[in-house]
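What follows is one chain in structure tokens, specifically the form predicted alone.
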């Protein structure tokens, strides 16, 4: 069922457990009101796509969630912590539980695939033994079908392979929440579909929750349990893909033409 802002109902049913709750989040830059009383819930095991036009505030929203930008007002509760109130040390602890897949992949070309996956482990899991690290690296690469690339340099990989390695690195810390920034941008349609299906498969395997920013409607259709429409800085509407696709609202129709 499509919901509108005035209803202000959280996504999911009463028995769902929210791992993230945004309430009346607002952020302005000068006279530009990017987010205006933006509210929604992310429940355990749920994939929510945030759909909005370029410049609508999607990137600002993600940066507010991970604490890179502080909202002017409102609360952002992630895993029981209100992000705007946390200090840097507290933010680092939360970020270790929140994976982020960058649009550009953000892999280190000078490193091997193994070294790229070891990097977050050495930073956040300093007490792990080399054997434990090796096991996690192999497991993560196996999950994305790239165990054979472990000693290759990332510069030797195709675009789709790089995206899979980036996804493996995101999952290696076993995050509770994953934030995806345009995960299929720059990929051909077939590879984009494969990555979308892999995201869905791994979400079920690890029981992760995710927020996905995407303009790729094929990706959205595959991965989304629910879609939040970010229009005019607000949560304009939310619902399932099929519900929004058949909406008579002209502002919503624009995204599905």
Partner chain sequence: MKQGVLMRFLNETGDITRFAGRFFKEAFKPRYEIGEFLRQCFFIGYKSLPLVAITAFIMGLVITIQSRPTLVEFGAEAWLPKMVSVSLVREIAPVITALICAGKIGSGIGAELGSMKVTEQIDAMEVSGTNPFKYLVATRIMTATLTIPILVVLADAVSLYGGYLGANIRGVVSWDLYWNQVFDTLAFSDVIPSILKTFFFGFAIGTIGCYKGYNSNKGTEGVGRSANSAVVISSLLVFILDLLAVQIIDLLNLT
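Numbering follows the first chain given and starts at 1. For the two forms, the rigid core is made up of the largest set of C-alpha atoms that agree within 1.5 Å on superposition. Given the structure is predicted, the values throughout are model-derived calculations rather than measurements.
Form predicted in complex with the partner chain: not shown, discussed below.
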property: Partner contact for residue 92 in the predicted bound form: the partner chain, 4.5 angstroms, heavy atom; result: yes
property: Non-hydrogen atom contact residue 149 with the partner chain in the predicted bound form at 4.5 angstroms; result: no
property: Partner contact for residue 68 in the predicted bound form: the partner chain, 4.5 angstroms, heavy atom; result: yes
property: Residue 169 within 4.5 Å of the partner chain in the predicted bound form, heavy atoms; result: yes
property: Answer range among 109-117, 136-144, 183-191, 70-78 for contact with the partner chain, defined in the predicted bound form as heavy atoms within 4.5 Å; result: 109-117
property: Contacting member of 82, 132, 104, 155, with respect to the partner chain in the predicted bound form [4.5 Å, heavy atom]; result: 104
property: Listed residue that, although the partner chain is not shown, lies within 4.5 Å of it in the predicted bound form (heavy atoms), from 221, 53, 63, 44; result: 63
property: C-alpha of residue 31 moved at least 2 Å between the shown form and the other one on rigid core; result: yes
